[in-house]
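The same protein chain appears twice below, in two forms, each given on its own as structure tokens and labelled structure 1 and structure 2.
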Structure 1
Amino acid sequence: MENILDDYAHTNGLRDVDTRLKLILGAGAILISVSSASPVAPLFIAASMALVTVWLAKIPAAFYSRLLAIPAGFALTSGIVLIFLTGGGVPLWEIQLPGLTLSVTTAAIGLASVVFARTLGGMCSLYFIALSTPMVEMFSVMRSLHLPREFVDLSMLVYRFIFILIGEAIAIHNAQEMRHGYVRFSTSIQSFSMLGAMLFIRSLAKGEDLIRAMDARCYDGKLELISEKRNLSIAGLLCVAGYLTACTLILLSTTDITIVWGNL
């Protein structure tokens, strides 16, 4: 299952759409989401990008929901913390604890809602890119933008090693599970520490194996990419430009909109 994101990227319904269009759309949506001063534009981007990912890219809705639940959980937790730790505005609720006063204000609720919406909009846009675009095509675009070759090659190696480490971690964890390494809390801590140590050792060994394999294939310090040249579609450019323009207009027209207690 460690390759499932890349599997969807190679088999999704938007696989044949130009990579540059998908990157422009995703990156533009991320920038608009994190720049919004109200939750309206990021929530619109989150809903629309999720719809595009599930409907047009044909990513299973159940899998996408589980994937989105991870950042949404972190954003929700951060929002709850901001509600209780951020002051300003009109106090709505207050409780006295020994040596501590917890209060909820209108400004805190507004800030928490904006942070949550920004996170959701940005992650939906990022998942759109990750689930619809293979990484090898992203590296080709990076090459076409004339980014430093060392940066692109290093990114390719790092991406490769991510899956190597995930595969090794799964193999070690499965072996520990077969030996009842996680039956109790104490044994779980010990097994987890051993997993981390062995993963470090295995990663060094895999790195040396990769170097020997590359040297055996006459590696000269340059990683070559086979890229397919495509012409940008005018219709695709107009669709992306229209969507980003609509998002920008929503951002500008909802700048002064905030969530207050009366609207909750």
Structure 2
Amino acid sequence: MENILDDYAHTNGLRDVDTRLKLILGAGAILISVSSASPVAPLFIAASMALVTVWLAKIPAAFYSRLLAIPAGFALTSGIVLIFLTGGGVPLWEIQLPGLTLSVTTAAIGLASVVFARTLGGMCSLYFIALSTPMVEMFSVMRSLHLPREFVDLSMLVYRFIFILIGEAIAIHNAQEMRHGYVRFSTSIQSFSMLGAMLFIRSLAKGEDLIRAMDARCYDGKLELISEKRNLSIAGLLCVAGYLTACTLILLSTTDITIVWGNL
């Protein structure tokens, strides 16, 4: 919980690159990954995005690889379900269970590998956005996209409070830990609930303080943002466009390729 990706985003190597460029790159890569019918394009995107994040944005490689373990659990369990559920193609392996037969077929392995590759490509692109773009920069982009004002204001305030509450939660958790609050399962439940309740009460108190502080500064229902008007750099735009075109070409030229399994 202490390792929030946003902390890395504030000091990464691509901090000063235009936010819109980074968002177009990340979102474009995600869309290409998701719409690919073969594992080739998503795997290419995963590899290139990981390279860009670790090499250009200078995110520690050890941290990055640990991050990739988060989606792995979900992708693996769901992938196994996919392999046994879907069918088509040549059966490779069958398990007889009372009442049903589980079979693994070539098409099922093909589908599972595509889905796994898409998830990997999507997650690497998502990590690129998360690790290279601080949230504060995204708010001005959200404004310029004309999202509802209340929504953007609410997001900004939520963002601000997340860090305050995380600090509180860590302090309470440490205090409970020192008093053996989490030694047994039953005490853990007690301590966790106490933490949650205190957090709730303190957050509401903080909310009231914020109302007073904002009123004292003549809050009239609008939060203003300072954002520099920057022009998109031509070189950057060309790089992003070139990369996305390359990915699209790979996508279009590899639609028929699937992982071929064994001697078929």
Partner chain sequence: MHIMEGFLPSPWWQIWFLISAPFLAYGMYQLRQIYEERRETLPLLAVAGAFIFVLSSLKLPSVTGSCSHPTGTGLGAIVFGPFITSVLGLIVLIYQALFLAHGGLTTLGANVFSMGIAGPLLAYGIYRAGTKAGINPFVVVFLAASLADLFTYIITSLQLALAFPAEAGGIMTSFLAFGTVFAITQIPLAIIEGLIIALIFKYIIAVRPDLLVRLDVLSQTAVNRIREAIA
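Given the structure is predicted, the values throughout are model-derived calculations rather than measurements. Residue indices: 1-based, along structure 1. So that the term is clear: the rigid core is the largest set of C-alpha atoms that superpose within 1.5 Å between two forms.
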| query | finding |
| --- | --- |
| Assignment: the form predicted in complex with its partner chain | 2 |
| Large Cα shift (2 Å or above) at R66 between the two structures, core-fitted | no |
| Rigid core superposition, L237 Cα moves 2 angstroms or more between the two structures | no |
| Yes/no, V52 Cα shift of 2 Å or more between the two structures with rigid core fixed | no |
| Cα displacement of V183 between the two structures, core-superposed (Å) | 3.8 |
